[in-house]
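Below you'll find only one chain, the form predicted on its own, shown as structure tokens.
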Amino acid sequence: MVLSFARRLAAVGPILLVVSLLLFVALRLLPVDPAAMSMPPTATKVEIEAARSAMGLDRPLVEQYAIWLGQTLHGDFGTSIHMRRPVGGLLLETLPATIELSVAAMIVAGLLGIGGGLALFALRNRRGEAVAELTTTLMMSIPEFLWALLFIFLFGVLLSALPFTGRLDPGMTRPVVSGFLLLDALLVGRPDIYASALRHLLLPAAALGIAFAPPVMRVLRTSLVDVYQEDYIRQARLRGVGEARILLAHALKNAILPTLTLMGVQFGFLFGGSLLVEVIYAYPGMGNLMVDAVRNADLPIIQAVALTYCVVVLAITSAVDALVLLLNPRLRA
């Protein structure tokens, strides 16, 4: 397992290189002229050609990729065609918001998944098992964007209980320290901003979290069923250990490892799946930035955001592998 983990880490660089190459070539094959889109409608052909030359678009594709890759490795993602701002600065503004949303959603998914998994296990071979299975199937069939719309209608429109646009109430100024709004509100001593940010975060995080919770429930239930077939569970019963202690102190710590692995994989998908939810809730994260970039054919932003998503997902996957290795001593043998 340790050797396998080391090989995965060694493969991160080549994977990113291949992804960046495919991304760059695919975007260059689109019938879009970034030079023309960066110029006003009254620009002449000569001015557009001059812009193409300045952007390096008149060079061979291989040379263009080499220049872009070199700049990217030095932290220069270029300048937005539409916004006329450095793309790196736009990423620094929006990435913390998406990470904050994804972490909050993963907390929701973890709590619901583990709690629901324990409930499914407790209901095994009982009357309520069929109803519980049907409920998880129904939850799995509803995508995150539909949960988002349902929550807006229920909690935002019908009950008017929670806000469903932006990150803060109107009139509030966002403190900028680390870029993570909840943390920054605590650092500057503004509980009102913290409460407002948390209220704005609840609905999108719940929509994402609930959509990803059912697989966690089912994996945990299956793992617990398998663990309960082990000899040490029967021996614990013979020693008079209570069922609650057997579940929480003996079975759960072994059954949780496959669940944690799944949650790590889910976190990667959840991070990428935040795009639609961000658009629905007008949440100013990387998803909204990507949608605006696609709408305006802003290639530098599309390239940078897509590559950032890839880097984050690889980092999450590597961190989960390390965590599983740390929690399971048998895998370190």
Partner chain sequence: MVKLSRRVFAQGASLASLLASLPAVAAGKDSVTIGWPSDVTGWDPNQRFTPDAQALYKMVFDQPLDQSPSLKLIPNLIKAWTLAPDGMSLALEFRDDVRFHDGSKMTSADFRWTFFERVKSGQKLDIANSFRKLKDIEIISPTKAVMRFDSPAPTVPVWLAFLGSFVVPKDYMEKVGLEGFAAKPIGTGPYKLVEYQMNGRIVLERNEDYWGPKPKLKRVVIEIIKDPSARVAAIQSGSIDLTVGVPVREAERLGKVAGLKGELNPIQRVILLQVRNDQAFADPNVRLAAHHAIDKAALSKAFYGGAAVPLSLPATPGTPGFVDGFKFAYDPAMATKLLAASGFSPAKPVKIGMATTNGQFPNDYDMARAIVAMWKKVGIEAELEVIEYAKYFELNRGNKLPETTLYSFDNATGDPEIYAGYLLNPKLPFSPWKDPVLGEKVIAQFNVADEAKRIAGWRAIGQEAVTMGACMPLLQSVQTLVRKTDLAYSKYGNGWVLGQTMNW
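In this text, all values refer to a predicted model and were calculated from it rather than measured experimentally. Positions refer to the first chain, counted from 1. Between two forms, the rigid core is the largest collection of C-alphas that superpose within 1.5 Å.
What comes next is about the form predicted in complex with the partner chain, which is not displayed.
Participant: Are any of the heavy atoms in S196 no more than 4.5 Å from a heavy atom of the partner chain in the predicted complex?
Facilitator: Contact check for S196: yes, within 4.5 Å of the partner chain in the predicted complex.
Participant: Would V157 sit within 4.5 Å of the partner chain in the predicted complex, counting heavy atoms only?
Facilitator: The answer is yes: V157 has a heavy atom within 4.5 Å of the partner chain.
Participant: Look up in the predicted complex whether D169 has a non-hydrogen atom within 4.5 angstroms of the partner chain, and give yes or no.
Facilitator: D169: contacts the partner chain in the predicted complex.
Participant: My question is simply whether R126 lines the interface with the partner chain in the predicted complex - judged by any non-hydrogen atom within 4.5 Å.
Facilitator: Heavy-atom contact with the partner chain at 4.5 Å: absent for R126.
Participant: Choose one stretch from 107 to 115, 67 to 75, 80 to 88, 203 to 211: the one whose residues place a heavy atom within 4.5 angstroms of the partner chain in the predicted complex.
Facilitator: In short, 80 to 88.
Participant: Determine the residues of 288 to 304 with a heavy atom within 4.5 Å of the partner chain in the predicted complex and present them in sequence order; the list may be empty.
Facilitator: Residues within 4.5 Å: N288, L289, D292.
Participant: Superpose the two forms on their rigid core, then report whether the C-alpha of A282 is displaced by 2 angstroms or more between this form and the one not shown.
Facilitator: Shift at A282: below 2 Å after core fit.
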